[in-house]
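As structure tokens, one chain now follows by itself in the form predicted on its own.
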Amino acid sequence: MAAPPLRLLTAVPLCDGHDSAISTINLELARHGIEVVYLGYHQSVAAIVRAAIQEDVNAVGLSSYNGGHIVFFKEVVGQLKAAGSGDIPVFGGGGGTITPADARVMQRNGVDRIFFAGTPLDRIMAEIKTRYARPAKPDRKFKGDRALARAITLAECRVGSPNPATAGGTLRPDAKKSRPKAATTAGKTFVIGVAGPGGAGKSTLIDELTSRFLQKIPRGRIGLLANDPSHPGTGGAILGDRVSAIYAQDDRVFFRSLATRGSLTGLSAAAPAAIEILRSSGEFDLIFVESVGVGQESDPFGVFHGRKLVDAVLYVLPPHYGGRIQLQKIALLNGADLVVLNKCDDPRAHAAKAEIQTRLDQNQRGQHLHATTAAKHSDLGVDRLFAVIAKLGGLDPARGGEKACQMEVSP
């Protein structure tokens, strides 16, 4: 089994008003071949602990400039231990805010390491890579989301190239063999693949659909698998989709970031295994799989290869796609089950609706364009889109004791 790349969760605690320092550190970590799951700033202890567990990271790195670091870091360490994940170390820094005396107290409280202002970045990177590297092994002590997360980590090790810089940017032979399997019918889980160009708002749309699930289906869980590109030279990655995942702070949501690690398909080579791990757990009613930003000929979910990886494909476009001729080139507009024009508060959206619907009519598949503005928390277009998804996926409102899907369904 291949040694996995180092995976770190980075975040900024509550009441810290900026993320300029951690953004610099994130880029440096990725430049050194590390996969960085960035949670964002103004993050609670619970959010940090939940993300660390679901992402199965090697360590948690916190940047604190607002004071209160002794209490906050201690609480993160304590909640990780209480959740059965005390093996995940916590380190951090805070410029001149964290004093050497504070650091000694924090280390007695279980914090692994504090880096001080003035320490050369190369020295910090070298120590992080040495200190937090570890083999990925099965662990029967892990339960719940940590067990799911470790299973996905092991799947990544089995199929993914550990470093595209040394693997020529291609998949290993065993990874190629794992590529798309047919969607299974086992269990009740409905899997939707979400594709579209970078900047279309896929992550925000998925987050708003997650909100609708939590509101309308009072029981059951939703899984989110977010794929982001690895750097082809260093093998590092900035896995930043959690920044948009406001509703992933609910215990009914399982969110896992996947780096492509040299796969050129738009998905990690471990994505089929990750889907199957969540399916076979029996916990999930709905799973969204988000591909990296795709191009005109991309087919990340195997729509045109006879063995579709998911149950349905949702393709998201922004109004600034470039004109009618560009629409003619997008292969997935032929094969998508759901097509969304997002960011409809853009002045260009009115013309875009007509152009895209005309393009869909030419397919003669009865495709209907869904217009959304996912940046609005109460957008009616997202409501209608979720109602269609709920109908397609057979999400049973009776399971939650509520009339979950009494919303207008677009034809």
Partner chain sequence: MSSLGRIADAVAAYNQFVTAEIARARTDAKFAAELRARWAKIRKSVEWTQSPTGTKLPRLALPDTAEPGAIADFLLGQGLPGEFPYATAAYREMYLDRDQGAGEEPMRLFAGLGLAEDTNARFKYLSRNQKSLRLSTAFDGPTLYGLDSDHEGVLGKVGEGGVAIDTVEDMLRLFADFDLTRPDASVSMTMNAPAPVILAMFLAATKRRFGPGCLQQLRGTIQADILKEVQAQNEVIFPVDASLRFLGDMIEWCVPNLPKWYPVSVSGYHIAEAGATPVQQAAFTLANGFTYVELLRQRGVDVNRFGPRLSFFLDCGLDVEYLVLGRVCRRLWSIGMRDVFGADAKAQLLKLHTQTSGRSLIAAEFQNNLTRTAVELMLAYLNYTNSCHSNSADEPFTTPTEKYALLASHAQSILLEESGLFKHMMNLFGGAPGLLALERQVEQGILDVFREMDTLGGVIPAMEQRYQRSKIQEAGHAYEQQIYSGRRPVIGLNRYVTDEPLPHVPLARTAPRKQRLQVERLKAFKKKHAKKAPTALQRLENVTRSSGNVFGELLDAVEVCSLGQITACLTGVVGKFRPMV
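Residue numbers count along the first chain shown, from 1. Every value quoted in this text rests on a predicted model; they were computed, and no experiment measured them.
Beyond what is shown, the protein has a form predicted together with its partner chain; the following relates to that form.
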Per-stretch contact check against its partner chain in the model of the complex, the hit in 330-338, 283-291, 238-246, 126-134 (non-hydrogen atom, 4.5 angstroms): 238-246
With a 4.5 Å heavy atom cut-off, would you call His350 a contact of its partner chain in the model of the complex? no
Non-hydrogen atom contact Gln367 with its partner chain in the model of the complex at 4.5 angstroms: no
Contact of Glu28 with its partner chain in the model of the complex (heavy atom, 4.5 Å): yes
Wondering, does Cys15 line up within 4.5 Å of its partner chain in the model of the complex on heavy atoms? yes
Taking Asp145, Lys216 and Gly381 together, does each of them reach its partner chain in the model of the complex with some heavy atom inside 4.5 Å? no
Since the partner is left out here, which residues of 197-214 would have a heavy atom within 4.5 Å of its partner chain in the model of the complex? Thr204, Asp207, Glu208
